[in-house]
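First, one chain by itself: the form predicted alone, in structure tokens.
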Amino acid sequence: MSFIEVKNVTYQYQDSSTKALDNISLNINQGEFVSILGHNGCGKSTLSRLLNGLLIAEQGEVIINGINTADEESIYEVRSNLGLILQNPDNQLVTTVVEEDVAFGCENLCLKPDEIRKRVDNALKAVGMYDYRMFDTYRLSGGQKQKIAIAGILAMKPKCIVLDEPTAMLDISAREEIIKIIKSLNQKEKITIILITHYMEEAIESKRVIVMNKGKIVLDNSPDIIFSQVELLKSYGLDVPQSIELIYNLRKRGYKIDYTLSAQGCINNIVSLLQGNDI
């Protein structure tokens, strides 16, 4: 059984004439790192809130680790299995001191003080913020606040973390740090990661990419296969990674050059092309 099962789910907001999600189905296994792409209004954020039980499907079912999110008595168990990180970290910080904020979720789980202390320290160390544990949250940068938001979810020990555009309000350096943390949580802690992003370079880091358009899932495959379909992605209003864009333009001009996701791979292919080798 998949860790996440979305079965024929439809959802429409009351003030909208169109469906935010239109009969979508999706399975995600424990330990996967999945990126979800799509232009604004395609249903990405709606899906993230359905996974966490903040919204309930009008039709179909959302099952998290065997629990139906529509079961009100089990909603806290759903959220202990699946944590949600939102775009603006200021909307997720609830106290004025870093370690108290990270402890907030654990306290709601009614854990013993010694266990809370252990979890908070471990979570802060995991995101590189242990030395800031006594800082006022309002003194932190945007990237540091997002790290604290991740630590607060991490301290609750979920099996899965859904991140809804967590780097959208951050600079390039902070974005890179957050993605590094996300990859580490997936690779070392085996936490299932679902990353909703507008940045194609972030999606490259995942093992699976899902593309949404008009409330439907239109593509679902590995990053190399997804991003090789340049024309199709552009038809959905999406960009592609810079290395892919460069190779795409060269291919349009008749050059024989293979697609590659990495910047270094792109350089190597171009050098080989210039040297007159077949690639």
Partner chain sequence: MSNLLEVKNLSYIYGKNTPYEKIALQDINFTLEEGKILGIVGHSGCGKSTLSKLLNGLLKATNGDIILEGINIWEKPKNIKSIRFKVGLVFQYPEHQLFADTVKKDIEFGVMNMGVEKNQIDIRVRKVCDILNIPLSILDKSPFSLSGGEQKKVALAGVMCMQPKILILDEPTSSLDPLSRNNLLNQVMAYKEEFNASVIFISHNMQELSLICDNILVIKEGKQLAIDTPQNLFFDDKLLNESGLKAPEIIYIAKELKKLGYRIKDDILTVDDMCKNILELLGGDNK
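Residue numbers count along the first chain shown, from 1. Computed from a predicted model, the values in this text were never measured in an experiment.
Not on display, but discussed next: the form predicted together with the partner chain.
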*With the cut-off set at 4.5 Å between non-hydrogen atoms, does E61 touch the partner chain in the predicted complex?*
no
*Is there a heavy atom of D239 lying 4.5 Å or less from a heavy atom of the partner chain in the predicted complex?*
yes
*Heavy atoms within 4.5 Å of the partner chain in the predicted complex: does S184 have any?*
no
*Using a 4.5 Å heavy atom cut-off, state whether E177 contacts the partner chain in the predicted complex.*
no
*asked:* Counting only non-hydrogen atoms and a 4.5 Å threshold, tell me whether A168, L246 and Y255 all contact the partner chain in the predicted complex.
replied: yes
*Given that the partner is absent here, state which listed stretch (35-43, 61-69, 224-232, 210-218) has heavy atoms within 4.5 Å of the partner chain in the predicted complex.*
35-43
*Determine the residues of 209-227 with a heavy atom within 4.5 Å of the partner chain in the predicted complex and present them in sequence order; the list may be empty.*
none
